[in-house]
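Given next, in structure tokens, is a single chain: the form predicted alone.
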Amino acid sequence: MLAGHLPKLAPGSGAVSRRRFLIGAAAVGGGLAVGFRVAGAADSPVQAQAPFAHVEMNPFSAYLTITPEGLVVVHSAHLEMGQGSYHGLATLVAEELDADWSQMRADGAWGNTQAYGNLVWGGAIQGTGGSTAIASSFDRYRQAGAAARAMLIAAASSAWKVPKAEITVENGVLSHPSGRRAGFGDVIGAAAAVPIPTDVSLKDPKDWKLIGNPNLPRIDSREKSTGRERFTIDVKLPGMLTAVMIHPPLFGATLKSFDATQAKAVKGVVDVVSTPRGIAVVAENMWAAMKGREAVTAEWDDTKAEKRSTAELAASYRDLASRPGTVARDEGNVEAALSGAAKVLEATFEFPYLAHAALEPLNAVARRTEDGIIEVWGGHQIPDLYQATAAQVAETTPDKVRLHVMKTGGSFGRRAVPDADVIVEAVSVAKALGWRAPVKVQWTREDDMRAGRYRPMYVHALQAGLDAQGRLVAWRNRIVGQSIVTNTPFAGLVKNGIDVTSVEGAATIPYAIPNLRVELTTTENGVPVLWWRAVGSTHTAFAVEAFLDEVAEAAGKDPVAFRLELLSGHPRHAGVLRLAAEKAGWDRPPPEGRFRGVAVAESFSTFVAQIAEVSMEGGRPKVERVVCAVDCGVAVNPDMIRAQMEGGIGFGLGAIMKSQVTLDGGAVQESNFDGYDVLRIDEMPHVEVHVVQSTERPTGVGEPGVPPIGPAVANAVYAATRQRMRVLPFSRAQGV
């Protein structure tokens, strides 16, 4: 989501110097806690890091705790929402600590931006998104493991009266040639008193045992497969009440009045209160709250509400796309090149609003303790922001707010909300009740669909010019759509009138085109929008890669060869493209009745190429096989990379083939999965993922699997039907 757009560290700034290293340690509850922060992250290939120096740090910033039982608990700076960040960070710590994998645990950390600030975003705020968890954590969590290991060895050395150099650590056990052995829990008391080491260095990559291990069991698989994992929806506190919301029926409408008389007569309903975001029906349980909600009558002021349909909005977008916009990238002279081209191609692509549709709908729990602390349980994707917002709503100070960072059943960007919507609701309702009980606000699927945030609607109008030799000499892309960040705390992402989230993947295309121009027209309407898995690249990659196939055909060239000609200056794009083509057998005809399409895209500094193989059943495409090649630098968890590519492909397929949010008179028409269709398990293709072996610094994989799948399938469908897929989802297209 937003992360890839925040300021990046300058190339070469990541070498860990003595001055940029912060470390702290303390005895905590009989255990040892270690934590520190590296103030930069390098873009250079991975190598063993230099020694560091000690600077005092609050023990609250700890990155890991070793318990007396010998468990190693990694405190993750990044929210776990199914993408595997806890697993990845635990791998980094365990590698340098030489812990046994069975010892490892992980939980969510918050409350110290100095320790947990997202380094890819500049370090000023804690948050998860943009596939940055590993990139932000790669140095500092390895350093935490290395520091703890050194302290454990020092403690054992002192106790055993032997040189530190003679002590080895393997699978969570310290040992000495004399036969002495100790587990981590046996020496943590003494280790907590050891001075912080100043000469710790990291392992050489050739010595890694866990980083890059494709057979490492996922750290939370047992809990999830046995149903023991706890999400916010599972939180039950003594005396807790449940609230459901009544949101305005139109975006921008406000509450005039409501009558809750009949609702309060429903058995189990405790109260009905108004909040800044609508009406809350509070009850002893979810069923009573929902029945009470049905009995509330409300009057809304829709004077300033959005009342246009998606058809009307799309028509206005198409009109705007025919006119010049604000320039996002301009090279050469596009107008002259187009006018002088031997052949000019044009195409317009339309993209609908999309819901995030995470498995676990939004929720949060809030209560005030006897000593005035506000506690909030939830999927805190941007903890700093939510802590401050909760404090403001509760009319207290941020230091009086305590967050419980829960694992969450999906997000895809939905839980990184600048106005902290469901957090505001939970705190507001608990406050309106006089803090007499903990309150869980639980959205239903219908709330999520009709009162949520959406991937913006976009229109792309493209033109390309070919010379007499079939060379691509001109490219213009006019993009029309809403800004995700305007009027939010992230408005700094709008530069010179350009929201970078709207044009990423379009203004940053890697192809060598001498005359290239990308323009953006930012629209304003009342539909609330938000980053959606892979953000701008979800529409820009489709438009670019689908149109490029049209250009390749007009030039009489093979789609893969045509792309490679234009990627001479981008070896990592070309590398994944060649690998995918090789593994898919691009140089050989596909099986009878099958058709192939290709696409390549970079998002969040990760490079992905995909080749889709489709068949046609009853006039509709069926995706049979997808071959995916991914270059994300060092592959910390290869199995997790494969899983995220597979998940991204399934997620993207549902969106491009079926999913859309439509408005009629400003009201969202879809309310559940009967209307907002997603990919079903029997529609999931066979997926092959090939991970490029690399020494480049690791980047992320939670989102980059999504952008290429749409255009790859669209290009395959064209090969099968000679019909271009320019209006999404495919289900809107005639005959498909």
Partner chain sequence: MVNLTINGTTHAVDADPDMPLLWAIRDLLNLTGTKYGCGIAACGACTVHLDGQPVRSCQTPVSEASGKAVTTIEGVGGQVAEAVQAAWIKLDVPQCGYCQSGQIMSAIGLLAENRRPTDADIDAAMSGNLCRCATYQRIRGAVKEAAKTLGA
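Residue numbers count along the first chain shown, from 1. Note that the structure is predicted; figures quoted are calculated from it, not measured.
The following text describes the form predicted together with the partner chain, which does not appear among the structures shown.
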query = Quick one: is Thr408 in contact with the partner chain in the predicted bound form, heavy atoms, 4.5 Å cut-off?
reply = yes
query = Can Met81 be called a contact residue for the partner chain in the predicted bound form at 4.5 Å between heavy atoms?
reply = yes
request  = Would you please decide whether Glu446 lies within 4.5 angstroms of the partner chain in the predicted bound form, comparing each non-hydrogen atom pair?
outcome  = yes
The partner chain contact at Phe547 in the predicted bound form, heavy atom, 4.5 Å = no
query = Within 4.5 Å of the partner chain in the predicted bound form, heavy atoms considered, which of Trp110, Trp377, Phe595, Phe651?
reply = Phe651
task = Name the single residue among Met290, Ala190, Ala555, Leu433 that comes within 4.5 Å of the partner chain in the predicted bound form, judging by heavy atoms.
result = Met290
request  = Have a look at 161 to 169, 573 to 581, 456 to 464, 226 to 234 and name the one stretch with heavy atoms inside 4.5 Å of the partner chain in the predicted bound form.
outcome  = 226 to 234
query = Hey, which residues along 639 to 678 are within 4.5 angstroms of the partner chain in the predicted bound form, non-hydrogen atoms only?
reply = Asp639, Arg642, Ala643, Gln644, Glu646, Gly647, Gly650, Phe651, Asn672, Phe673, Asp674, Val678
